[in-house]
Structures are given as structure tokens and as C-alpha cells.
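Shown here is one chain on its own, the form predicted alone, set out as C-alpha cells.
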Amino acid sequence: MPVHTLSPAATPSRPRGRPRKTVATLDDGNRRRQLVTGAARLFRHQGFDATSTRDIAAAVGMQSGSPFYHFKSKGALLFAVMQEGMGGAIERQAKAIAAYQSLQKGELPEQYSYGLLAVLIKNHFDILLGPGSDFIPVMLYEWRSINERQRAAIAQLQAEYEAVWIPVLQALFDAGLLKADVKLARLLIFGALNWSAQWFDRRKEASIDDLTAAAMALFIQERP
């Protein structure tokens, strides 16, 4: 039987760029996201050790062994939760800064730095305490449950997130509005803000705006 071949002119050209995602591929991505979100919620409220992969699968409507299609182990899923949390925090912080900068019109440098610190603090409280806020508390509480290589990767993301705060605190220190050493102030500020995940109850009277105002009054000597 003769073999029929297509001439070069008749050969259909391959589309350039990334291959189009299939429905199955898109569904895999969605299921992975559901697993990470569901695991974050359970890890926060039950703890990593007390949460089984069966619990996580049940929470997102999967068979008990299905999470292992997406993650090699429960530890890998915990690492993904922490990565998702820090990646989202970096993105949200960048958007908050951009929104603040777009509204500034001729403020003095110390006024700009004061306002920017308030934006950073409010955004951090929202990440810790607002809707979908399970990710960062899991990272804070379950740090010892990941291995050394994973801790190094998360620490790099933390450093990227916190680096934005350093020049703001330095500017306030230079203006005489921050009295403490900048490095120590950063550590103390994050320690105080992060601890709010332990005691804050959104059903009570204090709001995130209230917490932000209180934090600014506590850390900064006076408003410029």
C-alpha cells in the first residue's frame, strides 16, 4: 500500500506559544488550588499533625488517595500552603503600595513615609485576619514541620516581603518619628502584628482600621 505524505505546503503549521490548556489540565489546576486552600484551613484550625490527608480530601470532596496525585506527601502540601501564603502576601503588598502611591500629591517625605507605614500595617493585618487568612498563620505556627530546604525557600520569600518595610522605617527614624533601631523595630513590629492572629476576634468591636490606628500610635512617636 503506498504511503501518502503531505507536501511541505500542505503540512498544517503548529501554533506558536504555549500549548492551549485542555479541560483536564485546567481541572487539575483547580483541584490543586482547592487542596491547598482546604489544607490551609484545616492546618490552621486543627494543626498539621492532627490533620490527615483523608481529612483534607474529604474537605474538598475527593477520594482519600487523590491528594497524592497532586502532592507527594502531606509535608509537600504544607510547604505549598506556605508558598501560596507568602506569594499572595507579596502580591497584595505590592498592590497596596501602588494604590497608595497613585494617590499622593506633594506630601512631605515624613508624611509620605508615615502614610505608607500605615498602609503596610493595615495590609498586613488584612492578610493575617481578613477573608482567606489561613495561609500566613499556618506558616507562623507550623514552621518546624517543614524541612531545612523548605524553610530556606520560605525565609527567602519572607525577606522579600519584609524588605519593603526597611526604607520606610529608616525614613521615619531619620525624621525622628521612630525612636528604636530600625532592625529591632522591624522585628518587634512583625512580632506584635503576627501575634494578633492568636487573639483577634472579628466578631468583637475592634476592626482592622482600629488595629492599624493603635499600632501606629504604639510604634510611631507622633503624626507629622
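Note that residue numbering begins at 1 and tracks the sequence as displayed. Here the structure is a predicted model, which means the values were calculated and not measured.
This protein has a second form, the form predicted in complex with the DNA, left out of what is shown; the following refers to that one.
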item: Which of 165-173, 63-71, 179-187, 151-159 lines the interface with the DNA in the predicted complex (heavy atom within 4.5 Å); value: 63-71
item: In the predicted complex, R54 touching the DNA (heavy atom, 4.5 Å); value: yes
item: is_contact(R44, the DNA) in the predicted complex, heavy atom dist at most 4.5 Å; value: no
item: Contacts with the DNA in the predicted complex, stretch 156-193 (heavy atom within 4.5 Å); value: none
